[in-house]
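The data below hold one chain only, encoded as structure tokens and taken in the form predicted alone.
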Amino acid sequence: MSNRQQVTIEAEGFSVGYDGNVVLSTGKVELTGNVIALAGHNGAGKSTFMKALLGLLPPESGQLRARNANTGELLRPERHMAFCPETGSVFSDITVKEYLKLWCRLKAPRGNYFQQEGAELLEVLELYPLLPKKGRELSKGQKQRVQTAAGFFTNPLFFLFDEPFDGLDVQRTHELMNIIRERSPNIAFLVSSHRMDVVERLADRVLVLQEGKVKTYGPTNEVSRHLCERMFVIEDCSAPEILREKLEANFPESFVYQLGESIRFASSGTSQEELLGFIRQVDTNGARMSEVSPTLTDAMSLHLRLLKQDSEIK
């Protein structure tokens, strides 16, 4: 067993809906990890999954729950979990300082915990200038930072983040990643994000949702392979831009992009022989091609492209 805090997410015939319409149906899931990422298109059910796991949405059927993988104990949302929603949830009519103090009185050892043990987190999240401001004066990103701090002050075993990197610049993204990494020995995380470049560097497990159902889940490299069976890098092209355009036109069920002078080609059906034969017909420079492992960014880009094509056909 890992020496880091791990959780096991379990689902058995679970479904949840709004106004009688089922919007999330998981089937059977058992996934253990330290930093678990939730991925999927807009409307795939990521926020619903988190809210259901927190017990905020009554199920239509089955169960969705989390266990402490290190001890087997069932995690209770009110005792073991923290949640930072995409928009933050800071009270409008009290100051940030009052909000954090109230939160610490409810969940932490004492009201001034955030100014003592939590001082470093206030510094990293740049919250000191925000302490005298009221909730209604904060931007979306500022509210998220306040709620992030409030969550950590409760010392949870399991922290659920909904789109924490949305709108963050490179520096703030790096800082938040470091905060998660530094605390991951004692806290497990469930992170919903569209930022696959960040997810790949941060998460040890990924769960992909598609139209309210579980598409795939597991270690990051296995999920990438499941979504993208073949990944090729094409180099030494005579005209990379032209080759990329022709590949896109002739292989519509692929994801093709140019990276410098090379081309990356993601597909779930194209064989190496078929692709190489086409390249030799188009390129006059004797382009070289090699098969590589897909990144999660490559795999999700292909997945989303195929989803878009299916929706356009429907």
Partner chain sequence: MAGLRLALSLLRIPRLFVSLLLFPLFLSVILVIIQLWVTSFAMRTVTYTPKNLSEQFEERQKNNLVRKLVYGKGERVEHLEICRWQNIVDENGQHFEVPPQNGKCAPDRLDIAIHVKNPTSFDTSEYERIFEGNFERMHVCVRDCIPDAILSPEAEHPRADAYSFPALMLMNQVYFDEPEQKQYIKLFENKYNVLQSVGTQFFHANGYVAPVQLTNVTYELGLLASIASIVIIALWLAIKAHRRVLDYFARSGALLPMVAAMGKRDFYSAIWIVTILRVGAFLLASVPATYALFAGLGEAEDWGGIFERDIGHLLLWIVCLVVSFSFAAIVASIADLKHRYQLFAVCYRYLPLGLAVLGGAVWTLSFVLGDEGGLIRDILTCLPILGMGPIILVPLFQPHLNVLVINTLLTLVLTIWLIRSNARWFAAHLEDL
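On a predicted model such as this, the values are computed, not experimentally measured, just so you know. Positions refer to the first chain, counted from 1.
Omitted from view is the form predicted together with the partner chain, to which the following refers.
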Which of 38-46, 248-256, 281-289, 52-60 lies within 4.5 Å of the partner chain in the predicted complex, heavy atoms considered? The stretch 52-60
The partner chain in the predicted complex has a heavy atom of only one listed residue within 4.5 Å, and of L74, A239, L102, A119 that residue is L102
Partner-free chain; cross-checking the partner chain in the predicted complex, the single residue of Y217, F83, F189, F152 with a heavy atom within 4.5 Å is F83
If we define contact as a non-hydrogen atom of the residue within 4.5 angstroms of the partner, is F91 a contact of the partner chain in the predicted complex?
yes
With the cut-off set at 4.5 Å between non-hydrogen atoms, does V233 touch the partner chain in the predicted complex?
no
Practice task
Consider T148 of the chain shown here, and say whether it contacts the partner chain in the predicted complex, taking contact as heavy atoms within 4.5 Å.
Solution key: no
K107: touches the partner chain in the predicted complex, heavy atom cutoff 4.5 angstroms: yes
Discussion item. Is the partner chain in the predicted complex close enough to Y128, D169 and D204 that every residue in that trio has a heavy atom within 4.5 angstroms of it?
Written reply: no
